[in-house]
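First, one chain by itself in structure tokens, the form predicted alone.
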């Protein structure tokens, strides 16, 4: 896949939709492209966080282990994962495991922060993505509590 194709993929992600294509090209060039086989983890819960991953092809499960592992989300092309831990400087909050062959751009913490600093609209979009995830998590928690009560 060419850098131009990677830029086009990034432009379809709301986080990067309004970023100058030249800057996206630089980000693609500075990012590492990785391929994971089905069953292979991008990262594990509890690991230290040094990067976020933008999925350019394939799919993965987001798994949280509190006693027994639970799949809490599915991610696929155009999704970003791993940004929470680099934003909050905390260990990874989940394990992300490929469910098919998966290709991702690995964006380092420094590059991610440089992009957010240079493009405030990207920071706003990060907040929207995280707020949406929080809304979904809260709804799931309410359902789980209601089910536990009987």
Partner chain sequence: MEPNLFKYIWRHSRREQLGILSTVLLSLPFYFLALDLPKGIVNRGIQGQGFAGPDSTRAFLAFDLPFGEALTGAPVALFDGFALTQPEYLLALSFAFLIMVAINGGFKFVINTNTGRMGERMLRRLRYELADRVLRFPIPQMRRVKQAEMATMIKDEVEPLGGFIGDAFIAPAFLGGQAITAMAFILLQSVWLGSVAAAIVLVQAFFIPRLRRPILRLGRERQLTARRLAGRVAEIVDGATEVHAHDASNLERADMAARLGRIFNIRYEIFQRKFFVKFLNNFLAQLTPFVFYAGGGLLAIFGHLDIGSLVAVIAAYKDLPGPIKELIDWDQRRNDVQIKYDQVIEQFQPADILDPERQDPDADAGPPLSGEIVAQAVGLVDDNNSKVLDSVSFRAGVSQHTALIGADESGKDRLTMMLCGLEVPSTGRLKIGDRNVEDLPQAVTGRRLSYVGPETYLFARSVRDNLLYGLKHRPMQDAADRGTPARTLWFAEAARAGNSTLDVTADWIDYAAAGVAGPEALTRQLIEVLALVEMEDDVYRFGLVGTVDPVAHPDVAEAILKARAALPERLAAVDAQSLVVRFDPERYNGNATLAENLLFGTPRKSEFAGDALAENALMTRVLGEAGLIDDMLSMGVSIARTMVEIFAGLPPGHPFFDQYSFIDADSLPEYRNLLTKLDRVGEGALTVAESLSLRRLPFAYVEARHRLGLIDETIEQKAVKARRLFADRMATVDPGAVAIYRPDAYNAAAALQDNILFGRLAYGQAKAEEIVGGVMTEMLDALGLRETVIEAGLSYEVGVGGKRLSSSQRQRIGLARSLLKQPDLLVINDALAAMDDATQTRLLDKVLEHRRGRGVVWAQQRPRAGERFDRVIVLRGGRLVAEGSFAELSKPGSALSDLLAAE
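Positions refer to the first chain, counted from 1. Just so you know, these numbers come straight off a predicted model, no measurement behind them.
Keep in mind the form predicted together with the partner chain is missing from the figure; the text below concerns it.
At the 4.5 Å threshold, heavy atoms of residue 87 stay clear of the partner chain in the model of the complex, well away from it.
Taking the partner from the other structure, the partner chain in the model of the complex has a heavy atom within 4.5 Å of a heavy atom of residue 105. Taking non-hydrogen atoms only, residue 25 approaches the partner chain to within 4.5 angstroms in the model of the complex. Within 4.5 Å of any heavy atom of the partner chain in the model of the complex lies no heavy atom of residue 51. Think of it this way: in the model of the complex, the partner chain has a heavy atom of just one of 64, 34, 124, 59 within 4.5 Å, and the residue is 34. Remark: none of the three candidate residues (99, 136 and 140) comes within 4.5 Å of the partner chain in the model of the complex, counting heavy atoms only. Taking a 4.5 Å heavy atom cutoff to the partner chain in the model of the complex, none of the residues in 71 to 94 make contact.
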